[in-house]
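Here's a solo chain for you in structure tokens, the form predicted on its own.
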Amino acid sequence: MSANFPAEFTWGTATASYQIEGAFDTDGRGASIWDTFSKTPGKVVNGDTGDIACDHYNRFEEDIAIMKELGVSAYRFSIAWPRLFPKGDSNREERGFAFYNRLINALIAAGIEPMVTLYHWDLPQTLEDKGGWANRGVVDAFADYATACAEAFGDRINNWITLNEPWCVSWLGYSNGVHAPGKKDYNLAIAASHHTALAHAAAFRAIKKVRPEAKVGLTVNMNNIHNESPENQEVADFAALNDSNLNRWWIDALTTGKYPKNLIDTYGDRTAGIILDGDEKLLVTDVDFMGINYYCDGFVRAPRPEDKPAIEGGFMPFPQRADSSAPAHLAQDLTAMGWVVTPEGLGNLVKRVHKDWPQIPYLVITENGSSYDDVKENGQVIDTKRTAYLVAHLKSLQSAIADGAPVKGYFAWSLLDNYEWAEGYAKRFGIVHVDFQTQERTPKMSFAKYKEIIAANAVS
């Protein structure tokens, strides 16, 4: 039995600049917050850095050839802000612009459409020194950067994503500190949440001013949050707050200019001086499309006596008590990241987004993938679990499309094994294996399966 995707469906794969490029001090590139964070002792597994990563800066032509073999029609990559503007100001580094021109031109020559993400977490360190995303001044800086990119590349880039996963930027970077810049301040995270929303809107308008015909979207990481203790009001409130914080904050902002009331009530006076009069009008933009990154569902329930008395996180450090571990029936089906495998969640999520925000014309799955402990033997990587994860999620997506969800593209995460942020090189998400000592690329079983799906435009 097979399920066909729409005839014009976009098949792609995705990467991010700091995770693959390397060349951290080449051709005038400035330092990013991830250069600083990764070189701070104790922040990253094994002290790994992105100094070399996959050496994509020097090997992009090889990687494009791999993509062409895969058969994708599009490639989502991010631009390293400090490669273009090393100090985060108006001083350009033309060698950085030249690199992305070479990359874009080579993709087009290979018949692969480039989709650009302007910000995938590598903020110029100089801007962080001024407060980073917790400083409202970053909004204007980001709009200027977006303008420069639209002017330089907009004649060949039709699809733009402003920011990738602003929830991670705000809460992992400024609240629990596990990502760069490693701050642990609840108030800074609230400020960053607002400023990333403002920055999306400002960049949207900046790109449209240069290229009115461009399609501009925001990529958010989302999941379905399951409350397994509905009779417990405290847990129900916790689940609703988490849904607002993770799933609704940025989409509500750009579609209505307002944030979820339960969050605003929870934050209380903490938003004073951050959310200003007139911001409601600044937040709202037209909506071309929404990018969604999906990996797994989330679960909350009342804690058992043997559980910890409170969680520091789940999705954010609310004071409510809850247990967010995997349900017992799913606990044996985890990826190497410890994430549950819930393929039905992808289809459920896109249907929920279409139902709750019908003004969004269409959706694109900008990331979906899994990490497993791959072993290369006899020149092959038989990643059976990742292959099964890919197939199951695409089946779920196709079912949702058949039910009316307006999804127009899917980008597998990730093309290459790469630098997995605070996990360093200990976790592998690629459909292509990378030997980080030799930089040899080896397509995995999941690569072959994805190639087959793309060619058939169907999952069998």
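The model shown is predicted, which means the values in this text are computed figures rather than measured ones. Numbering starts at 1 and runs along the sequence shown.
One more form of this protein, predicted together with a small molecule, exists but is not displayed; see below.
- Residues 45, 372 and 425 are none of them found to lie within 4.5 Å of the small molecule in the predicted bound form, as judged by heavy atom distances.
- Just one of 383, 165, 128, 243 comes within 4.5 Å of the small molecule in the predicted bound form, counting any heavy atom, and that one is 165.
- With the partner omitted from this view, the residue of 387, 175, 293, 227 that lies near the small molecule in the predicted bound form is 293 [heavy atom within 4.5 Å].
- Not displayed here, the small molecule is kept clear of residue 135 by more than 4.5 Å at the level of heavy atoms in the predicted bound form.
- Remark: residue 63 does not count among the residues lining the small molecule in the predicted bound form, judged by a heavy atom distance of 4.5 Å or less.
- Taking non-hydrogen atoms only, residue 37 never approaches the small molecule to within 4.5 angstroms in the predicted bound form.
- Remark: residue 411 does not count among the residues lining the small molecule in the predicted bound form, judged by a heavy atom distance of 4.5 Å or less.
- From the list 151-159, 327-335, 209-217, 118-126, the contact stretch for the small molecule in the predicted bound form under a 4.5 Å heavy atom rule is 118-126.
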